[in-house]
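Single chain ahead, written as structure tokens, the form predicted alone.
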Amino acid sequence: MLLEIEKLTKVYRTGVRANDGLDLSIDAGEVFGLLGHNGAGKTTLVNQVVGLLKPTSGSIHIDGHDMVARPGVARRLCSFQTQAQVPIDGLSPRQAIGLIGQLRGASKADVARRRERLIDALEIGEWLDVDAARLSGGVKRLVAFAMAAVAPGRLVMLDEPTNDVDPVRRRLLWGAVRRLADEGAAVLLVTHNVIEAERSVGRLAILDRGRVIAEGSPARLKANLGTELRLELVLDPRVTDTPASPFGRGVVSAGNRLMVGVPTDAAGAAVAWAESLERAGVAEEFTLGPVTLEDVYVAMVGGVSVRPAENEETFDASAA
């Protein structure tokens, strides 16, 4: 495995246990999703991998190199798109992408070739020579991705890369992410967008309160839920008693929405039950469809509470 994380724990001085004994492994050529709500410990994990935070305990190895003992090596082995916007005002996308590529040691010719390919793939050529101060948040986000991908390391980490990006270019971005893996990089995708994660990753881990609570392919995680279909009911806001499911499967309630697990052979019965609730004025509408990764996530995580702000304790990443 290209990235191996074992028993990784990070406890801040405030007592917040942001990561709690995490075990993860990612291979070259793989897009691996790290899924979790805000405060689940995703960004803390990534910051430890790239050497910006020192773990309390545990180990991180990239391509056989010990990142805890030699955090400075992470700069050579990793490319990183942070969750925050990159401060590139005063530079054009052409300049920003080219500068990062050369700082990472790529030749001018290779940087120019890869930059043009990324610009074309993301369809942002019309802004190539515009000062970044005049760019929209979505275009800046795409430029930041190109900066991470123009001279990619063995491990490419993308922290919420689609924030602010329009739907059309999000699809283009996911294609570019897949190409990074096809070219041999290991890609760690950090997100809380469950729908996009399902489309884009080969494997994923679900984090909750600093721990991995599930790991596997989207198909495997959905199969482990123990149901094949999802009936979603929009209840009348005046309804106070939640209808009991007649199917003996998982029920998740969120506001006036009710999600009920349904076996495939009970699809007809599910529709009949939902229609009876409509006639009785209990439900306003319903939909029946296949189980999604979002259903798995909600069933496993349920209601979440926001943890205290993570007090990021940094250390010298230049030590070799």
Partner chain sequence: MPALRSYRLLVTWQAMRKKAYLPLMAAVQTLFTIGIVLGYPLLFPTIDQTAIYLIATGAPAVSMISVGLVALPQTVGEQRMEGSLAYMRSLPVPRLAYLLADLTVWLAIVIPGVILGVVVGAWRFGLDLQVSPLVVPAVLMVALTSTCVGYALASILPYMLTVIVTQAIVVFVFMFSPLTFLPNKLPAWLETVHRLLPIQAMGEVTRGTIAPTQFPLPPGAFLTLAAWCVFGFAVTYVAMTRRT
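Note that the structure is a prediction, hence the values are computed from the model and not measured. Positions refer to the first chain, counted from 1.
Form predicted in complex with its partner chain: not shown, discussed below.
> Taking 4.5 angstroms as the cut-off for heavy atoms, does residue 189 touch its partner chain in the predicted complex?
Taking the distances in the predicted complex, the answer for residue 189 is no, it never comes within 4.5 Å of its partner chain.
> When the contact criterion is heavy atoms within 4.5 Å, does residue 112 count as touching its partner chain in the predicted complex?
Flag for residue 112 set to no.
> Even though its partner chain is not shown here, does residue 62 get within 4.5 Å of it in the predicted complex, heavy atoms only?
Contact with its partner chain, no.
> Residue 105: heavy atom within 4.5 Å of its partner chain in the predicted complex?
Heavy-atom contact with its partner chain at 4.5 Å: present for residue 105.
> Of 210, 152, 218, 71, which residue is found within 4.5 angstroms of its partner chain in the predicted complex when only non-hydrogen atoms are counted?
Of the candidates 210, 152, 218, 71, 71 is the one lying within 4.5 Å of its partner chain in the predicted complex.
> Of the residues 96, 181, 231, 173, which one places a heavy atom within 4.5 Å of its partner chain in the predicted complex?
Result of the distance check: 96.
> Which of 63-71, 254-262, 283-291, 24-32 has heavy atoms within 4.5 Å of its partner chain in the predicted complex?
Of the stretches listed, the one contacting the partner is 63-71.
> Does its partner chain, in the predicted complex, lie within 4.5 angstroms of each residue among 5, 117 and 177, using heavy atoms as the measure?
Answer is no for this spot.
> What residues, if any, in 79-94 have a non-hydrogen atom within 4.5 angstroms of its partner chain in the predicted complex?
80, 82, 85, 86, 87, 88, 89, 90, 91 sit within 4.5 Å of the partner.
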